[in-house]
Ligand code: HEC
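Okay, here we've got a single chain as structure tokens, the form predicted on its own, with questions on binding and movement later.
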């Protein structure tokens, strides 16, 4: 973790489409962050007055499932997932950047401290620790070797008591079994309620597969809240992150890349089963610079998708599942690519084709599937090397392949 925390490089932002009517929004565009007064990141809420007059951009979060779960019910519930629209508003001050997310969810699902088969709704924001080279952004979701990310996560949770970290045993007695009356009983019940209300807000730093580490030393300065409206069946969540703290140094720059994720507890979402956005450029209004990042994250693939389809199907379909489930490859051979175009950038796809070992993603248990390992591990260094060889070296072929892979994405919920 120390290695990751020492890497403090630069960030970059983008121009936005958030003032456009919903029908004209470019889903692959950028978010515009409005300059406001100082943000108190510990108290900002979904209905805070600071959000008045701040427009929203529609961001699409695509289904992502790193590997198939050993959970038949969850696999069935998530077999035909669609992408979800999330309305994102952004603000920033000299010390912090904050986002407000609104998304639909038919049910309100919360984590329970006494059940192991119940999962909560939740959301997360991800920022790279460094992004001076917009073509070398970290792998979405967990970062990559030498390219760490900071993840701010919140899950909906019911009030629960010990073990909750407070060490309070005194107030676990049922109020009906106390000898308290009147104001003393009211005070006791209030204390019980406050003892159980612990928000599930966590910060992680990750630099690739199996490196995700919770930041527990207080160096990650953030605030998160979420609330559910049963009438509209929508969640609203806010996340505010310090621009300069013990995990990132983002202050002083004109643009930055950000990614969002949401979990649906009703579909047993957890871990790598979620909806995820690609890296999105966020432009800080009134600040210049970082134009290269904006261009990279809003660029349309330059290749020929038709030619790329022919190439990819000929060279990749034996190991990777593409869009046609009837032609699905053995799931143990390689990552499923059927939604890869939704949450991957052009540069990431090009790099993965040309240098597959640049980012090695989680695979199935190698002991259980010895004939189809996704990667090999050097016993001396522990470094993981992809078993996929470089597939293409010609830039035109790579550009065509990327153009096709970017078309592989789920439909969007209405």
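Since the model is a prediction, treat every value here as computed from it, not as a measurement. Residue numbers count along the first chain shown, from 1.
Note that the form predicted in complex with this ligand isn't included here; everything after this is about it.
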item	value
This ligand in the predicted bound form: contacting segment from 96-104, 330-338, 249-257, 119-127, heavy atom within 4.5 Å	330-338
Residue among 60, 50, 56, 359 with a heavy atom within 4.5 Å of this ligand in the predicted bound form	359
The single option of 235, 279, 139, 131 touching this ligand in the predicted bound form, heavy atom within 4.5 Å	139
Contact of residue 219 with this ligand in the predicted bound form (heavy atom, 4.5 Å)	no
is_contact(residue 389, this ligand) in the predicted bound form, heavy atom dist at most 4.5 Å	yes
Contact test in the predicted bound form: residue 346 vs this ligand, heavy atoms, 4.5 Å	no
4.5 Å heavy atom contact, residue 31 to this ligand in the predicted bound form	no
